[in-house]
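Just the one chain here, the form predicted on its own, laid out as structure tokens.
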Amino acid sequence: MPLDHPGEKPHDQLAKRLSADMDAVNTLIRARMASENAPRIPEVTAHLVEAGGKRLRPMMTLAAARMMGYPGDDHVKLAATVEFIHTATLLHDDVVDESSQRRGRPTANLLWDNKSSVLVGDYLFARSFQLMVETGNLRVLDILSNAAATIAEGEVLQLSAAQNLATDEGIYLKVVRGKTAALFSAATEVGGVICGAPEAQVDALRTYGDALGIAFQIVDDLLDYQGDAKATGKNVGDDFRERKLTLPVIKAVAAADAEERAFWSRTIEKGKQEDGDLEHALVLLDRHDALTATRADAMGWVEQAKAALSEVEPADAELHALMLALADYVVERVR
């Protein structure tokens, strides 16, 4: 089906194809986010979990497992684990970034407070480890626990890199691999592991998730400068206002002359922003084709993801085709 067919985006098609599994994941999530002793936990969690996200990461776990012919139900626990890890990181991220909006709604830290967001995030991390253990598979425990550690490492690296003009594309890639791609790659890798797929196939699934996650984050960074606020749930220029040195700006800084570099230093490093600065930033990005180059990078990573997935020998060809289409869809928003 064409990607522009209303209601038939690849993630919508995946959701339909995996509807029974996704229903089981959602039921498990609701059951495990409950707390008899602290009612604020399900309140805060539900605010984010029920906010209408695509559940893309857990869906990738389900799709990978079913694509490789998995007949059991432990993939449901792994998918719920992935969603809990993701939700926990979002709660923590919004506190760190002092965000007030997520998916077009007020953030949990704004509605409640920072302490509640941090502690509920901790609770979800704990729940995720309980679910991992219940599968009885030490390798998936190793993969997902490593991913959780890598995510935290990426966030800490970003603290020192985000407002430092010395941050180059290599450092940016390390941050992105930590904060975003680690969970994408783990989500697809455990789908292959749980069904006992050959090692080469598991490696291909991991590579697919890694490249897709990098492309996903690059597109997200690109949309911050040219996206539709209604579609993205965030205002254009939020990253600039929050002084985040993302890939488009890194490319513009690398090509900047002394005057332009002084502008980036004032607005990003020193945080002294004035009226009209965002508009001037957009001019500089356009002057050095930074947005075009960033888009090309995203498309390159998508091609790597598709190449890796093409090495997989699926038991379910339809799911394989949908996961290939999903990679294309990630960059479809910025073509």
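The first residue of the shown sequence is 1; numbering continues from there. Computed from a predicted structure; not experimentally measured.
Not on display, but discussed next: the form predicted together with another copy of the chain.
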Exercise for the section: Decide yes or no: are T207, K251 and A296 jointly within 4.5 Å of another copy of the chain in the predicted bound form, with each residue judged by its heavy atoms? Expected result: no
Handout entry: Partner contact for G196 in the predicted bound form: another copy of the chain, 4.5 angstroms, heavy atom
Key = no
Exercise for the section: Using a 4.5 Å heavy atom cut-off, state whether E155 contacts another copy of the chain in the predicted bound form. Expected result: yes
Exercise for the section: Could you confirm whether S116 comes within 4.5 Å of another copy of the chain in the predicted bound form, counting heavy atoms only? Expected result: yes
Problem - Non-hydrogen atom contact V120 with another copy of the chain in the predicted bound form at 4.5 angstroms - result: yes
Exercise for the section: Identify which of A255, A166, L138, A262 has a heavy atom within 4.5 Å of another copy of the chain in the predicted bound form; exactly one of them does. Expected result: L138
Problem - Heavy atom within 4.5 Å of another copy of the chain in the predicted bound form - residue from A181, V202, V219, A148 - result: A148
Fill in the blank from the handout: Note: another copy of the chain not shown here; in the predicted bound form, the stretch from 186-194, 208-216, 72-80, 156-164 having heavy atoms within 4.5 Å of it is 156-164
